[in-house]
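Only one chain comes next, encoded as structure tokens, the form predicted on its own.
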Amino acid sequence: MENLFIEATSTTPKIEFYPNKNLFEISGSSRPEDVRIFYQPILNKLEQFRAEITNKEYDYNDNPFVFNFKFNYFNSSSAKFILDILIEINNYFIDEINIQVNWFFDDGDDDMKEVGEELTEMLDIQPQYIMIVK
């Protein structure tokens, strides 16, 4: 599967998806004008990759696939698609793919941590919450 890199803009987050390095990272602010146009291709890529690795013998036991969420802001429209991404990541877990989910938040931004907890509370995955101290 090919890498996916989308540079951040003033309204969209940076996306880094490197299947050969076991890394998906989303960072920055998310308030795109059309969230579906921005997020649907990313979600499709994650679904395609899961299907690809589920059908092959991949061993992530020693080196889990890491999903990093490093938002400093996202609006409610983005939250729906972020939840969709987390549900897809949960499907990786259900398919017994070794994953690690990290939810980063700035020191003092307890709201961002709580949003991460709320988005994942009904899923099987248990993210690590990592405070960024500046």
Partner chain sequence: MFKKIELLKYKGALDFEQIGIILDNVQVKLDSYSTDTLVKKRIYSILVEALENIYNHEYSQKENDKYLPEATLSQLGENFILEISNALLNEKIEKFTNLLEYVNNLSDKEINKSYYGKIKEKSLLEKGNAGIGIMQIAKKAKGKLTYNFKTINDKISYFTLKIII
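Positions refer to the first chain, counted from 1. Model, not experiment: these values are computed from the prediction.
Keep in mind the form predicted together with the partner chain is missing from the figure; the text below concerns it.
(request) Quick one: from N55, S76, N63, N44, grab the residue that has a heavy atom within 4.5 Å of the partner chain in the model of the complex. (result) Checking each option against the partner chain in the model of the complex, the one that comes within 4.5 Å is S76.
(request) Decide whether L23 counts as a contact residue for the partner chain in the model of the complex under a heavy atom distance cut-off of 4.5 Å. (result) Answer no; every heavy atom of L23 is more than 4.5 Å from the partner chain in the model of the complex.
(request) Using the partner position in the model of the complex, report whether V35 sits within 4.5 Å of the partner chain, counting heavy atoms only. (result) So V35 counts as contacting the partner chain.
(message) Whether E88 contacts the partner chain in the model of the complex should be assessed with a 4.5 Å heavy atom distance threshold; does it?
(response) Contact with the partner chain, no.
(request) May I ask you to check whether D95 falls inside a 4.5 Å heavy atom distance of the partner chain in the model of the complex? (result) So D95 does not count as contacting the partner chain.
(request) Sequence order please: the residues of 92-116 with a heavy atom within 4.5 Å of the partner chain in the model of the complex. (result) Residues within 4.5 Å: D106, D107, G108, D109, D110, D111, E114, V115.
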